[in-house]
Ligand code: 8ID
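The form predicted on its own is given below as one chain in structure tokens.
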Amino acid sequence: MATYEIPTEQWAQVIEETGSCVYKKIPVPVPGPDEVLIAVKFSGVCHTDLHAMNGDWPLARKLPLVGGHEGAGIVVARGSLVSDVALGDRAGIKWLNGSCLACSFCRQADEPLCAKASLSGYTVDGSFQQYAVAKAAHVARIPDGMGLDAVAPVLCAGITVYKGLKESGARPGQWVAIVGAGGGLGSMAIQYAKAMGLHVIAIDGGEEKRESCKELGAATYVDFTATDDLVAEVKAATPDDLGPHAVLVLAVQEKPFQQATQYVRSRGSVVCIGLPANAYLRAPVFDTVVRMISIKGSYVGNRQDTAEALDFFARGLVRVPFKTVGLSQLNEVYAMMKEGKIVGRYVVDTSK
């Protein structure tokens, strides 16, 4: 078995107070009996990380906090109870860092709903550091041959949208609208949907995102910044003008959540994935009932969803449009994120 020399200090991005993070040296953590220590090589940057830094959600978080929950790296140490993860294994840190594995939710493969779940980069320190710990039972097993930089965004964005598509109930040959299709989650949702046999209506703003969405396989692109009637245009994008069978709402504003029920076809489903701060869902009760519309939330995937999402990636059915910068430049990525200037995904290299 491989052995690794582990330093006592490391570089990390630390949220010491709401609204900012500091690039500084901190101690390297020690894994508990059921945990592994991962030398994080790359970590994707998710909009959730920005929400965590800004304290946007009604969910208690730890402070100081190391954010990040898309960390890909190598296992360099493990606790005394860990036997199914070996030193040298390639592993990923996900949003779900750990769960009790004993409650009714965990027993039924709904680990993300566990009341005792720990969340990477929110309730426990995450992957914006060079070494991070996670529960061995929940780390993603990354197969050999995958670039750790390319696979990092799959660990949240990929798993989340894949789970959402499964929850939508859409079947091969049907139509799905993806709201926020040009962003990190959306760029992957297009590809997973296409690989699952679905026709994609991409909804976002701007010509750069149009080009990206069409290149990734969207059948149609609707620019919400240029249309006079979004609802009519989305419906018209389907062959029978009745609208998509399902809608994945990845938006970070409230309005798209209200619009989705207006253009989804009768008996269709609206799957809410994006988490805008202080936002609410609103839909007419009459229309929802007589058109038999389903409105549901989809959270992150379980361990099996993770394995399936990674399998799509391993087979070349999904690729991640990403740009890489140093971990020290994380605040610059957040600035672009706030301005809506990111197409695809940013990944940070922990060595820079």
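The numbering used is simple: start at 1 and walk along the sequence shown. Model, not experiment: these values are computed from the prediction.
There is also a form predicted together with this ligand; it is not shown, and the following applies to it.
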Next item on the list: For the ligand-free chain shown, place this ligand by superposition of the C-alphas around its site using the coordinates in the predicted bound form, and mark the site blocked if 3 or more ligand atoms sit within 2.4 Å of backbone or C-beta atoms, otherwise open.
Entry: open
Next item on the list: Look at the stretches 121-129, 245-253, 143-151, 103-111 and give the one with heavy atoms within 4.5 Å of this ligand in the predicted bound form.
Entry: 245-253
Notebook entry, point to check: From the list 93, 260, 193, 203, which entry has a heavy atom within 4.5 Å of this ligand in the predicted bound form?
Noted result: 203
Note to self: Just to confirm, with a 4.5 Å cut-off on non-hydrogen atoms, which of 98, 268, 182, 73 contacts this ligand in the predicted bound form?
What the structure shows: 182
Check: So in the predicted bound form, are 12, 64 and 327 all sitting within 4.5 Å of this ligand, heavy atoms only?
Finding: no
Margin query: Can you tell me if residue 298 lies within 4.5 angstroms of this ligand in the predicted bound form, counting non-hydrogen atoms only?
Written below: yes
Item checked: 4.5 Å heavy atom contact, residue 168 to this ligand in the predicted bound form -> no
Item checked: Heavy atom of residue 273 within 4.5 Å of this ligand in the predicted bound form -> yes
Note to self: Test of understanding: in the predicted bound form, would residue 306 fall inside 4.5 Å of this ligand by heavy atoms?
What the structure shows: no
Note to self: Could you pull out the residues of 50-67 that have any heavy atom within 4.5 Å of this ligand in the predicted bound form?
What the structure shows: 51, 57
